[in-house]
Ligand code: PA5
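We begin with a single chain expressed as structure tokens, specifically the form predicted on its own.
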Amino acid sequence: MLKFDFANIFNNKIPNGINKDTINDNKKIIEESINNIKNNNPGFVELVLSRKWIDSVLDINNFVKSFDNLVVIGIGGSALGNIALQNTLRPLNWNNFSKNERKGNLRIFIIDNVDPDYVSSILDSIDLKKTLFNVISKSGSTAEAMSNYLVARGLIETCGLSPRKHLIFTTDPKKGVLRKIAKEENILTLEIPENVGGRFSVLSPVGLLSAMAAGINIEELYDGAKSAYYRTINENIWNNPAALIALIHFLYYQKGRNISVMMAYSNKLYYLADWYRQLWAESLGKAYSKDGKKIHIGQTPVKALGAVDQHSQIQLYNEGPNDKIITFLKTESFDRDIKIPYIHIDENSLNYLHGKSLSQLLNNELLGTETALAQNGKPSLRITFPKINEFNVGEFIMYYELATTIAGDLFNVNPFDQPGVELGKKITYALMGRNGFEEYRPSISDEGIEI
């Protein structure tokens, strides 16, 4: 199970900080929010309390494992969850493993942008005959995902392969162009639950298919997520990580700390910070409150990697403005470790490293950074993974999805919509010549300077 340390949140050196009485003063609104979750389970909770979605993926295991490569085509929530699961739970050089080393599991490639150099680099790395493409779009109208689908399908057809044998669509259960094509061409589909938005969909078939394909234990992901859910709805605030995360960030936002940094001291955990960044930003950055008042609210999430960003960001965090709250991610157990050898033993500036391990150095760097921030009056909390495994990652995902939901109540915004994303999509459609979106085409001004 994950371990949470909130001691540095209540540091008396923090200017305009919070204390335990402040937490207790907000117990009622937290209890109301948790009761609302308990009585009206959000879609992302319903996912893990049912066998429907996980079984829909397990049922096609044999078909999926008949390939060597899986290429996921999606963007935003359709990609970031896949990226987080793959990089957190598989070796970072997984795609370089031989088939025997992978024990029959697939190499996983995720196309999450329309940069032609990037897309080409992935398509050049695969044998199409041995590749399954998973196209993920709930609406079936996402410009980026659908463009890359058309590119991939064009290659499949050019090679004389059957699209039906090399495609899976993960999409809306009833509507959308992918659902229509799937029915017409008998293409295998997985469903995205109607009540689950993209950024909350990692534990749906959206993320589960690539996880299963790579040999990740998706049952354990669900077990961890359920453990976090039951703890959240049954524990009081002081034993409730999701509630504390939400309330602490809300209270510090009110005190001007409008940036939330998640700093992972593990290259693997860094991708969870990437996933968190979308979840927190898109859910809580809103122009209007639930009751229609214009508020322009939201806490900006930033990802950082220790020890790398000690040499690029920590100067700012320590001595810059008091506008940040920091979450550290730590692992107690790395899959491998490296001892530092006894070389240059006569050099006093190096001999303190001799015989130590890289994991020891990295975790001491975390402690040093955390302590320095505390001494400089900067609030932080720490989440420790005893081991980076499926159960603990499932816990992490559910805790943060629940924390985001509770934070939505505290900020009085709807955490499940994203109206600020839609206008840019419509303008893009207009610029690309899509029928019905002409009114969104921007007028081109002659004013301005282009160098």
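As the structure is a computational prediction, the values presented were derived from the model and not from experiment. Counting begins at 1, following the sequence as shown.
What comes next is about the form predicted together with the ligand, which does not appear here.
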Inset, instruction - Considering only heavy atoms, tell me if residue 373 and the ligand come within 4.5 Å of each other in the predicted complex. - result: no
Inset, instruction - Using the partner position in the predicted complex, report whether residue 52 sits within 4.5 Å of the ligand, counting heavy atoms only. - result: no
Legend entry - Touches the ligand in the predicted complex: residue 309 (any heavy atom, 4.5 Å): no
Legend entry - Proximity of residue 278 to the ligand in the predicted complex, heavy atoms at 4.5 Å: yes
Inset, instruction - Counting non-hydrogen atoms within 4.5 angstroms of the ligand in the predicted complex, say which of 137, 148, 134, 380 makes the cut. - result: 137
Inset, instruction - Report the residue, out of 241, 76, 298, 176, that has at least one non-hydrogen atom within 4.5 angstroms of the ligand in the predicted complex. - result: 76
Inset, instruction - State yes only if every one of 36, 38 and 235 has a non-hydrogen atom within 4.5 Å of the ligand in the predicted complex; otherwise state no. - result: no
Inset, instruction - Among 194-202, 95-103, 345-353, 290-298, mark the stretch whose residues have heavy atoms within 4.5 Å of the ligand in the predicted complex. - result: 194-202
Legend entry - Partner contacts in the predicted complex for 394-430 (non-hydrogen atom within 4.5 angstroms of the ligand): 418, 425
